[in-house]
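Look below for two forms of one protein chain, each set out as structure tokens: first structure 1, then structure 2.
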Structure 1
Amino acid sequence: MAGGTHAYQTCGCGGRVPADSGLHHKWWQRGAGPGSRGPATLTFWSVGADENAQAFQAAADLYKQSHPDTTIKVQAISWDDGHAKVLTAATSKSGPDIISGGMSWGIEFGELGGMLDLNDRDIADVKSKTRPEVMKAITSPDGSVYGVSMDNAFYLLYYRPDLLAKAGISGPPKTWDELFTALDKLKAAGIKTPMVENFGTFEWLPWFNWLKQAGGSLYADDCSKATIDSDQAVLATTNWARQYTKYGVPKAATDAGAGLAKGEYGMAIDGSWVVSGLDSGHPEIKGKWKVAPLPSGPAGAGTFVGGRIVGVMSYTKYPKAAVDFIKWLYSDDAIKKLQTEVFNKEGALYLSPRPELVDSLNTTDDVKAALKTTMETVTGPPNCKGWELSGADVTKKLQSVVNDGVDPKKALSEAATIMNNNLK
């Protein structure tokens, strides 16, 4: 420290050492720094609603009961500017100790040097509890894990059984063929917008569901090349585009709940978070809507899974305490607390990375069944190099199929070229 003074910090070795001594560096590396033995106060930036942050604060308070030396202060940051805020924190090396964020944020900020590789912190138990598809999506190509799954979000099919019955449809469509038949019948029954598709509307995200259902993939398993121009991808793109061009599915995000409540939409493909807000937001259709897994394609069922990761910023003074808390978030106690608090505070369902705990959610058996079935077929975003750069360009190529009538094969070939260039 300047001026010949030393800042003293408590170390795990029973005494005090100057912060700028070599000793400080050594026990830091071992993860036995401040917070391991002495009191530590950590800041946790939770991206999302204030109510969600309050639920995590309640969980953090529960954690403190068994870890009295560690205080976690949870602060909400919005999705709109959260990405830029975390980047600013990583740049300035000041800010939160723990962050949650989009599924890709761990790899993004980790590769920048902004987050800790949790592999060095004994997260084997966490890995074993997470679905392999989710784990793959949040693992960097070099094997680093900068953030572990905090919650999951995936697509579900919401529908109004009464409207479907009125149009002569016996139940939710289970296959692509049944889906298009249902869309035809709903239109014939006078429903102008037979279906809406939210959660990355008109972007690559919902298209990814079709890709999986057709048996396609974005990249080869070893990330050696893009496989987006396969025959399966062409089939997926053709059918994905058909819903917009033939059936008038909106290309802009809509309020699925309001549309279903008013009877303007017969079906809605939307995020799993919608399931908890339908009854509270639209009590007039309580008991009149249902939810089902997405229709299957020729290769079976398939659903994109997103959600939030939680990780530790690289500059934190309390790496051990931060990682301990993250590991605790996977415990039965933590998940049950979060399920209760998230429901009480924001009326939402907390879909933890542990699918076996769906049964303890505060919802109906039908919803639990749909959630469990869907979770068995989820696939996360690719973790291959350059995907973050390629995603927007791939979306544009897909949009050109719908807006400009470009041949799907040509559009996907161009997308493959972009992805392969970014792989280098």
Structure 2
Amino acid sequence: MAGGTHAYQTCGCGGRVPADSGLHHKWWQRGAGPGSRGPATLTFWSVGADENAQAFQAAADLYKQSHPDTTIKVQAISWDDGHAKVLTAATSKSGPDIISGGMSWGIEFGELGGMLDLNDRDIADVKSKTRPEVMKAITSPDGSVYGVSMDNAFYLLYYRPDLLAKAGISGPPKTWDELFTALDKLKAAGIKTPMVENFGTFEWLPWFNWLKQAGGSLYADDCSKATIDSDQAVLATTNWARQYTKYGVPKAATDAGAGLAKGEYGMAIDGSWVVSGLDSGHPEIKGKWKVAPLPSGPAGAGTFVGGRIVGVMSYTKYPKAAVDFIKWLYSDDAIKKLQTEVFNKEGALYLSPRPELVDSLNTTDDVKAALKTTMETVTGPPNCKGWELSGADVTKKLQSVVNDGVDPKKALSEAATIMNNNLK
């Protein structure tokens, strides 16, 4: 039961009713939710690995125990062709009832008329459990919400305490100044590659961390114009570029775990999913590595958050049942089931939108602490018109600062022009 109590039962109307009130049984007996007319079988396309879909199937089977007339069949679709498949479903009005996908998919397919605006389905409780910055990223500029957050992925700083200690560094860097000092000391200690950066290596994604830490933004809050050419963005870009030009941070993706295990890298900025595979992939450093939040900039801490949304297709015959299942995914029971199943089937951590449930993950207290602290500082991608078109060109302008020595102010001014043109 939601909230871990057996005194109440989640109802399809978006609230909770006492389990012994009789109200619960009245709609239960009707089938998949209030207004449904019998058993319902829904198809859920889950983008990602087969093992991940199996974990969600286990959660759906748990859901069925309390909703016996609703059957959810989870099917995995790959990231490679998932977008094309959902686009076809959205435009042809034929396909699954529920989909998961990238954070921008809800807005994109919703604006095509392919997905339900969940604002019409009483999702206030779901919104209240989601970080405001994540909700903003998945909310259309007109306020529509075509998908809610299903899981999160963000950046962490991985490091070897023993390597840092040998270099005279007492702990992971907490600020930009401490980061650059640590890079100097690691290089002086003979580590040629003191740090690597993955998860969108040398693209706008990791640069976005620096932008947030400097207090900058990509667009004005109302999406009226690009703000990427601000003084804060210049400061962020200058320091982001410095790690490549002065310290030799690789511009191509690396195997952070292997490098840390061999002692070739002192630190690695990488995705939160790396936590899961370090011990199994490199048992020789089990107990010898740690994670920490990214160093803070002059405006404080900050990290980009990605992940998947989950939403309901507009043509489904079972909108109430589909929405009720999505709401249930935010319950304590669902999240703990997914934490267990994702770990057992994928060896991965399921990072739900609810940071307060990190404590029930199968990982160390140090990792839990880093995850919880970081989840308090996440910011999602912009929801402004044209960003999807602008991202690749913005990356090229950023790279020109490193590769060609272009002045950061000039590069960012050109990036702003691109973004403003795509806003029209």
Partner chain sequence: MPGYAMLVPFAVLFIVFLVWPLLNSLWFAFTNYNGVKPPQWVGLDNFQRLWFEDERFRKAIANSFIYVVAAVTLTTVLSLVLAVAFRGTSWRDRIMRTLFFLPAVTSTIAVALIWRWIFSVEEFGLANTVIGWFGIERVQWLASPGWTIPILVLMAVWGGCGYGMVIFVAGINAIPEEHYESARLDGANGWQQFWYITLPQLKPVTTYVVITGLISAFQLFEAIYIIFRAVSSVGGVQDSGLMLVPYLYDMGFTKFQLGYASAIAWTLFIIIFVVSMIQIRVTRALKEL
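Because the structure is predicted, anything quoted here is derived from the model rather than measured. Think of the rigid core as the biggest set of C-alphas that the two forms share within 1.5 Å after superposition. By convention here, residues take numbers in order along the sequence of structure 1, the first being 1.
In this comparison the chain labelled structure 2 is the form predicted on its own, and the other chain is not.
Superposed on the core, the two forms differ at residue 314: its CA moves 2 Å or more between structures 1 and 2.
When two forms of a protein are overlaid on their rigid core, residues whose CA moves 2 Å or more are considered shifted, and residue 298 is not one of them between structures 1 and 2. Superposition on the rigid core between structures 1 and 2 places the CA atom of residue 113 2 Å or more away from its counterpart.
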